[in-house]
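Here's a solo chain for you in structure tokens, the form predicted on its own.
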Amino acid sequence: MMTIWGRLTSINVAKAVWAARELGLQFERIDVGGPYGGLDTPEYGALNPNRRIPTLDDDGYILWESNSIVRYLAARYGAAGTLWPADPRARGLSDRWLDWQATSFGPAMGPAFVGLVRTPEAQRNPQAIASSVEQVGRLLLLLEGVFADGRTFIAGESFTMGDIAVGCAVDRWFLLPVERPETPALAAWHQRVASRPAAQGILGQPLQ
């Protein structure tokens, strides 16, 4: 039995759920975190001492950190050449985007997301939000350059785990009420991944 703990409005939970759906896995998802609470219970702390989401329970195998969960699911359950490319070099091209999302895009996006979504207007830091928007704008142009060569997905012509991590992050950013640079190639890729059956009900979630 597989269980994914976490609310679907979390970008990190969305990554894990999307990966599981792409692989055709049967799983139960339990709402915790945000308005659902539950992260401070002894039971959840025993699963994940960080008390964050998501947490995966795969028949007793416990794993947390969203990109680690995506990698694990892709490696364990993905057929060769699907989410987890069989060739190490092809896999590296996909895998780097999970790290890029966690170390570059995510931190750049954080101040604007928290400021605009989770902070009352009177308490917002306009300078921090503006700096965040500027930083993400540069990263969007980087992504635009990646797709400007006509590639279909982020690591080439096949949909892989890299598309999931970056797809969830870009989707959230596109929902924020901020000015963005023109990125038609990136927008076309976003539309391609958002139209996948496994992405339905995951992308486009209300911002929380």
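On a predicted model such as this, the values are computed, not experimentally measured, just so you know. Residue positions are given as counts along the sequence shown, with the first one as 1.
There is another form of the same protein, the form predicted together with a small molecule; it is not shown, and what comes next is about it.
Original post:
Heavy atoms within 4.5 Å of the small molecule in the model of the complex: which of the stretches 173 to 181, 159 to 167, 145 to 153, 59 to 67 has them?
Top reply: So the stretch in question is 59 to 67.
Subject >> Distance check, R29 to the small molecule in the model of the complex, heavy atom within 4.5 Å >> reply: Contact with the small molecule, no.
Subject >> Contact of L23 with the small molecule in the model of the complex (heavy atom, 4.5 Å) >> reply: No, L23 is distant from the partner.
Original post:
Is L140 one of the residues lying within 4.5 Å of the small molecule in the model of the complex, judged by heavy atom distances?
Top reply: No, no contact at 4.5 Å.
Subject >> A199, heavy atom within 4.5 angstroms of the small molecule in the model of the complex >> reply: Because no heavy atom of A199 falls inside 4.5 Å of the small molecule in the model of the complex, the answer is no.
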